[in-house]
Each structure stands twice: as C-alpha cells, then as structure tokens.
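Given next, in structure tokens, is a single chain: the form predicted alone.
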Amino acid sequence: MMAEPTRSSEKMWGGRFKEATAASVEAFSASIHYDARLYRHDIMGSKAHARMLARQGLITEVECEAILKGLTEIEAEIHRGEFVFRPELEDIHMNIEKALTDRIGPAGAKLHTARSRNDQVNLDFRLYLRDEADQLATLLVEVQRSFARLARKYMGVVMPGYTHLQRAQPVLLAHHLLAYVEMFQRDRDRVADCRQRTNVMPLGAAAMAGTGLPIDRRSVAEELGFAAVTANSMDTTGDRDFALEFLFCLSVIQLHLSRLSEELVLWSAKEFEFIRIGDRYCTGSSIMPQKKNPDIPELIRGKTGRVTGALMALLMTVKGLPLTYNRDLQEDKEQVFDALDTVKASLALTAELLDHSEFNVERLRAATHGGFMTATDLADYLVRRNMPFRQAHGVVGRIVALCQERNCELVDLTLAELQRFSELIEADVFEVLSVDGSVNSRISEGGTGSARVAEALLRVERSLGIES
C-alpha cells in the first residue's frame, strides 16, 4: 500500500509550497535511517547554539533552559531506544527539532534562529568525525601493540625477506613485524592531521552567506572545543574536504590491513607454513573436513575495495558541485559511515588475530636456505676490499651461475673455488655467507641487524607504553 504524501504545510520548510510532497520523493530523499547516529552531536551543537543565542539576547534565559531540558530528555530517549524517528521529517536535525517544538512549544521553534541545516549538518559531521578520529587512533595503537608483542616474543628469529615475492635477503622476523608498526604510525599521524583540519567550527555560516543577527561564533567554537572558526561562509556550507580526507585516511589504513592480510593468507598456506592463526579466527569447509581457512584475513582484504570505493564515490559526488550547498552532499555521510564501520571492525579483529597467532620458527629459518640470499653480502664484502660495486655485482653473479650449475648454495663452495673469481676473497668470507652473519651485517640505521632491531623495538615499546 502506497504511503500517504506529507502535506507541505507540515514540513518545517513548507510555507511556500502548495502541493504535498510525493511519497516517492519522501522515500528517496530521507536520510534518517543512517544519519540518526549523529544525534548526540546534533544535540551537543544545538545546546551550544542555544546558550549563545541566550547570551546574545536572541532568546530569553527561560527559553534557553526549556530548550536545554527538552534536548536532554530527547537525547536520553534516543539512547534508550524509545524515540520514534519519522522518515517524513527527512533527517536527524528535523526529527529532533520537531520533537523539541512539540515538547516545549514556541521556544523550540526559536532554536533554529541564525542557523541553517547547511551549517548545522556540517557542524554535526565535524563533531562526529572528531570523536571517531580519536577512536581510530586507539584502535591503531592496539594493532601496533600486537605487532610489538610479537616482535619481542620472536626477537632473533630469522626469515626470508622478499622482493617480487621472490626470496631476496634474510631478515629478522621482528624487523618485518616492525615494518607494520611504522605503516600504522603513519596512519595515526594522518588521522591526527585530518582531525586538525576537521576541528574548525562551521556554525554561523547559515545557509551560505552568514547571518545578519548578532551571533558570537567564537564562543560556540570555544564551548565545543574547536580550535578556530571557518573563514568563508560560502566555502563552509559547500565544503566536504574534511570528509574526503577522512575517507582517504580510512582507505590507506584498510590498504595496509589488506597487505598484511595477503601475507597472512600466504604464510598460513602449506607451501609456506610460516604462521598458525588461532582456530577462533579461521573457518572450515562445508565439504572438505581437513580445511582450516584464513577467512578473516580474506574478508579484510576483500573489504578494502568497499572502503576505497566509498572514497571514489564521494570524490565523484563533489567533483562537479558549484558553490555552495547542493543536496548531492547528502551522499557524504553514508559513504563515510560504512567505510568507518568497516575499518574499525577490521582493526579490532586484526589486533585479536595477531594476539592469537604463532610463528613456525623452524620453518622460517629453513626458508632462509636456498635462493642465494647472501649474494649481496658477498658483493658488499668485495666492495669493502675496494672493488667497485658494479664489478663486484658481476663477480658474484658469475659465482651464482656456478652454484646453479652445481645445484648448490654459495656457502657450499670452497675457498679455492671462490678465489677463482677474485683474489680479494679470503677465509673470513664465510662469516658473511651465513644467514646470521648476513642479518647482523645490516648495521645501517633502520636495517635488520640485531642491534638496530633491538633499538627500534625498544623505541616502539616506549612510545606505545609497553614494558619490555
């Protein structure tokens, strides 16, 4: 049965309309089914706005108190799940304002003095994302701590490092794990930077030109904890840069999680057997009884397209919009909300999964044998004896070719055989041809040498508040 159209006179903006809004339009344009989550921030902003209106003499103290009391009651009802949202009122702002006016009378109708939904929704969105940025930072720290705990637990364990997914050079497992700590640190820094640009107060821009009423924007900004107020009313109401930047931050976080997930999927396969993920974070097969599938990393990897898709969607929404506000911008929140929910869930599960995973130390070390992974160390050995690197590269390449012919490793050659390629090679060469010797030779800052990794881990533990 088709819903009855809403009479335009019942709309809070309906004074100039003669025809009722079509039911199809009501359904198509409503956003309350997803923007209801902004209720706390909408009420927070409305309370600050009401107090400012009272200070400026635009409403009385009695009216202000009635508004504040009514908003507090409405917030409590929404929190308890008792509030009835009305789709025909379109969004969270109109639902709350209508409920307030029904509750306290004409004073409620004065709350919208000197503001528009255009600057109101911008305010709510900024308040919301500011809080979510803080929650993201907390989740990112937990993931970093999980990596740091694993790095400490497996300190000294060697594994193959890869380029092009081919064995390249031996590294410490802890070094590999700390690489992800650095990735997520950059994510934390990006979110913090985004929070700064989000933390600018838009209320007072009104519809797009400001207001002729004597408001005090800076007092509202101070009450709500904003560092500044926006400088241009036209830019303010049409601006969603902060949402785009937030979505970019979310996309990079999820990309990092996806890269990790790819490694977890590979490493848990029989061909690698580098890691054992806890049973609680895997599933089985409906037909093959032996299977243990790394579904959680696969799902996290799969959801990356969803998050980056949200960024692309909002970019395409904004790209053709003239100044100032356009209804297209209603598409911003659903994209951000979905991406945010996805990233937060992915981060939380990743931290749990890492804390319930174990590395196969023997398998990791065994994988460092084969593939001539100390070839670069041999080249560096010759460089230290004053051979130009390009020449050393060629010498070692020819030694590798010999090993391939003989189906042996560099360390299997005798000193005499090595000296056929260069008289600079002496008996101490075997120290750099061993896996442990190779790892510990990487003494450059940021390298995989044991001393450098120990320093890096200690620094990370201190920054994350972990007792080593």
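From 1 onward, residues are counted along the sequence shown. Just so it is clear, the structure is predicted and the values come from calculations on it, not from any experiment.
Separately, the form predicted in complex with ligand ARG exists; it is not shown, and the next lines address it.
> Among the candidate stretches 329-337, 172-180, 246-254, 354-362, which one is within 4.5 Å of ligand ARG in the predicted complex when only heavy atoms are counted?
Only one stretch passes the 4.5 Å heavy-atom test: 329-337.
> Does ligand ARG, in the predicted complex, lie within 4.5 angstroms of each residue among Y128, T236 and D239, using heavy atoms as the measure?
Not one of the three qualifies.
> Under a 4.5 angstroms heavy atom criterion, identify the one residue in V121, V343, L378, V191 near ligand ARG in the predicted complex.
Exactly one residue meets the criterion: V121.
> Considering non-hydrogen atoms and a 4.5 Å limit, which listed residue (K303, R195, R217, R117) is close to ligand ARG in the predicted complex?
Of the listed residues, the single hit is R117.
> Going by a heavy atom distance of 4.5 Å, is D91 a contact of ligand ARG in the predicted complex?
The answer is yes: D91 has a heavy atom within 4.5 Å of ligand ARG.
> Does ligand ARG get within 4.5 angstroms of any non-hydrogen atom of D42 in the predicted complex?
Flag for D42 set to no.
> I'd like to know whether S441 contacts ligand ARG in the predicted complex, with contact meaning heavy atoms within 4.5 angstroms.
Contact with ligand ARG, no.
> Given that the partner is absent here, does S31 sit within 4.5 Å of ligand ARG in the predicted complex, heavy atoms only?
Judged by the heavy-atom cut-off of 4.5 Å, S31 is in contact with ligand ARG in the predicted complex.
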